[in-house]
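Single chain ahead, by itself, as structure tokens, in the form predicted alone.
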Amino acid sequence: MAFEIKATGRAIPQRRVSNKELAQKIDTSDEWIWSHTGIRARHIASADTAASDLGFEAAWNVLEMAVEQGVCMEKTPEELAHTLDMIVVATTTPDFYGCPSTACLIQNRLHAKNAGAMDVSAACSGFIYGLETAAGILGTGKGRKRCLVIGCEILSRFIDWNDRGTCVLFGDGAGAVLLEKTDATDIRGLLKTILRADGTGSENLIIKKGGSRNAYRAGDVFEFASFIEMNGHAVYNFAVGAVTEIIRDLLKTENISVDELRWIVPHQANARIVQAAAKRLGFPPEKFFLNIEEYANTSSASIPIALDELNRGGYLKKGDMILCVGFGAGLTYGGNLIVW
């Protein structure tokens, strides 16, 4: 038995906001953003677009690829949607607070009438957690075969666009994969996952307003909306250590060398984090796939977006081994070792 990624997809908003455009509105510059983050642009969703809209588009993209490439017996995306057993959505920016889940909204639009649906809340590590959750669900349920794992975010709604320390970092987008349980007996699919957390750093990356700890109440007057607040220095230090730890532990546990990896696909938060981790590990920087230059930080969507770019760009071949590693608010971190 194996849990294989059969198809990938992504959804990117049309509106592209360059660093130069941002520099016309806030006290920053293209040179400053690029030198500190490795970001040149980000994509921003229209006012009438929610996380489930991008998630649905990415999911449909996956179903279309699976049908077109003949990785399933179904002849149309609609037929394939009917065979889904589960939809797992990782998101920090759900359509609605608490309920309904964003996964249920996507399930409805897909007409995936036989699928369960649930959200995973692990911030930028969400796709890593979601992939392992999906494999667990497929592995423990008799007859379960297919699961969509989606990361979708509208982070632009939760950013203080006057704070140059955070607003330059984030973008909107969605990515998705079709995970299928197969009868493969050779080494294939999801090999190993490590999931970890460090709640002592929970205050370092937080949206403070709106939960049961600090609920909205009738009559409240707000000078500012509910924004992402971040201790950039603390998060940077945590992230470099988390990436290094997860990569080392995954390779050691499975007795694998870095030379056996085709790609390391990190969460795209800051290119400097990845470069620092690569240096600490002594790994060649070209082993790490980066697309943050175009999309900025799309949280739970960043890794599946990167996987789709690699897949559709012909940079992944059957049998390639890749390592995905994520880190984010919570603080959460983790990684997946996958044979394509």
Ligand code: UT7
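Quick note: we count residues from 1 along the sequence shown, nothing fancier. Remember, it's a predicted structure, so these values are computed and weren't measured experimentally.
Note that the form predicted in complex with the ligand isn't included here; everything after this is about it.
**Asked** Can you pick the one in 217, 252, 233, 213 that has a heavy atom within 4.5 Å of the ligand in the predicted bound form?
**Response** If I apply the 4.5 Å criterion carefully, the residue I get is 233.
Between 270, 107, 156, 92, only one gets a heavy atom within 4.5 angstroms of the ligand in the predicted bound form; which residue is that? It is 270 that has a heavy atom within 4.5 Å of the partner.
Worksheet item: Among 32, 36 and 297, does every residue place a heavy atom within 4.5 Å of the ligand in the predicted bound form?
Response: The answer is yes; 32, 36 and 297 each reach the ligand.
**Message:** Looking at heavy atoms inside 4.5 Å, which stretch does the ligand contact in the predicted bound form, given the options 165-173, 98-106, 145-153, 72-80?
**Reply:** Contact-bearing stretch, as computed: 165-173.
| request: Decide whether residue 243 counts as a contact residue for the ligand in the predicted bound form under a heavy atom distance cut-off of 4.5 Å. | output: Taking the distances in the predicted bound form, the answer for residue 243 is no, it never comes within 4.5 Å of the ligand.
Using 4.5 Å between non-hydrogen atoms, is residue 205 touching the ligand in the predicted bound form?
-> Taking the distances in the predicted bound form, the answer for residue 205 is yes, it comes within 4.5 Å of the ligand.
Does residue 27 reach the ligand in the predicted bound form, with heavy atoms at most 4.5 Å apart?
Contact check for residue 27: yes, within 4.5 Å of the ligand in the predicted bound form.
Is there any non-hydrogen atom of residue 124 lying within 4.5 Å of the ligand in the predicted bound form? Judged by the heavy-atom cut-off of 4.5 Å, residue 124 is in contact with the ligand in the predicted bound form.
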